[in-house]
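Given as structure tokens, the chain that follows is alone and in the form predicted on its own.
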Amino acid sequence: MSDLLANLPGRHLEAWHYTDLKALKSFAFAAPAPAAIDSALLPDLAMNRIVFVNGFLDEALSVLPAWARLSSHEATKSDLPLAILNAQHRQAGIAIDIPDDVDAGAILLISISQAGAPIALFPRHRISLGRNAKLTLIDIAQGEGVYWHNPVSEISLADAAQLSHYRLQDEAEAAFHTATIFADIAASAAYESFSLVLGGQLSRAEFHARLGGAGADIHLNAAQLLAGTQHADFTSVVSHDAPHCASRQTVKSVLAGHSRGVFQGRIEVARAAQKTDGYQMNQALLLSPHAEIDSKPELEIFADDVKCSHGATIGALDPEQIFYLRSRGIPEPEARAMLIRAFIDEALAPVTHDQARALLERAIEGAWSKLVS
């Protein structure tokens, strides 16, 4: 993998202005090898599950549904640098094909990395839902050691299909996570996504979604909880190519220490996409004078009859709210914790699946100390 880091995107590219991947060049990443893990590392969820360890499907730990299979399908052409790298070095991923009119329930997709020496992983997954099909996908990434996890997911929703995609990025403290998600959404279909970002020294989730049929709908929501010197980037491009479509993006960040969060959200409205309803909101809570948030919402509109807006709020905890709680006998550390948790709980509002929500809440509890210490 000697050529692995030769063509990394740099900050001279507009899309990478706020995120620098030069730290990757400090490591000599090798190809991964199969590893065994303790089943106790897996979430205790009563559902079908697909488990990858170091990029290899672990059949002993997996409970595959009938419509899921290992696949090394040809990569869709893309000019995105990290998607190109994934295509060049891609490993087999999972292909999930839900037939028309089938409610597939919930599936757990978990990627665990165990790195004794630095490794790089390039899985490519494909999720396809037929007409009127439904699926809840709980997508978890975690691990130990130094590694680079660069997955690509290709999502295709036929007419009136519904996909709820809940992502937990809880990688190792020293890991790098750069995920690219492509979503093609047909008429009256709906893609609901929520990402919780906790781990990794550097991470980026990049969504490229196309609303290609009338009445298509997409929600891209996220919460980033960062501390120390963590860096997390949420980037999205939503293309409205058909009329009467709606998109919603809400990203909340809680930043402590010297951490840095990035939000780049772009809505593109084609001339044919009349009656578009697009909305973006980025909110950041800075718990330290050294924390930083970069917010860059964008609108590119060629249609006449649209409703599009964006907004951003950045600030620290409100001293008056802290004073109010303290005046009611609540100690300052507890008052601060209450306000932070209220901010985070608002971010979890879009997660309506009970098991997914409980999983994300437990993950937040596990990361809580780094925010309030």
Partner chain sequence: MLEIKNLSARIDDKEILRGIDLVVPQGEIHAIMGPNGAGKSTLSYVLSGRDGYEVTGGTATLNGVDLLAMAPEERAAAGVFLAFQYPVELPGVGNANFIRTALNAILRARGEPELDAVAFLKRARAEIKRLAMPEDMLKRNVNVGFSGGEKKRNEVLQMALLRPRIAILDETDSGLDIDALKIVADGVNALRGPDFSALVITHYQRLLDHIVPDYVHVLANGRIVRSGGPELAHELEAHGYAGLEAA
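Quantities reported herein were computed from a predicted structural model and do not represent experimental measurements. Residue numbers count along the first chain shown, from 1. Rigid core (definition): largest C-alpha set, two forms, superposition within 1.5 Å.
The following text describes the form predicted in complex with the partner chain, which does not appear among the structures shown.
Engineer: Quick one: which of 44-52, 317-325, 26-34, 63-71 gets within 4.5 Å of the partner chain in the predicted complex, going by heavy atoms?
Structural biologist: Comparing against the partner chain in the predicted complex, the contact stretch is 317-325.
Engineer: Verify the contact flag for residue 59: yes if a non-hydrogen atom of it lies within 4.5 Å of a non-hydrogen atom of the partner chain in the predicted complex, no if not.
Structural biologist: No, no contact at 4.5 Å.
Engineer: Determine whether any heavy atom of residue 338 comes within 4.5 Å of a heavy atom of the partner chain in the predicted complex, and answer yes or no.
Structural biologist: Heavy-atom contact with the partner chain at 4.5 Å: present for residue 338.
Engineer: In the predicted complex, is there a heavy atom of the partner chain that lies within 4.5 Å of any heavy atom of residue 330, even though the partner is absent here?
Structural biologist: Although the partner chain is absent here, residue 330 would touch it in the predicted complex, with heavy atoms inside 4.5 Å.
Engineer: Cα of residue 39 displaced 2 Å or more between this form and the one not shown, core superposed?
Structural biologist: No, its C-alpha moves less than 2 Å.
Engineer: Would you say residue 327 moves between this form and the one not shown, meaning its CA shifts by 2 Å or more once the core is fitted?
Structural biologist: It does shift by 2 Å or more.
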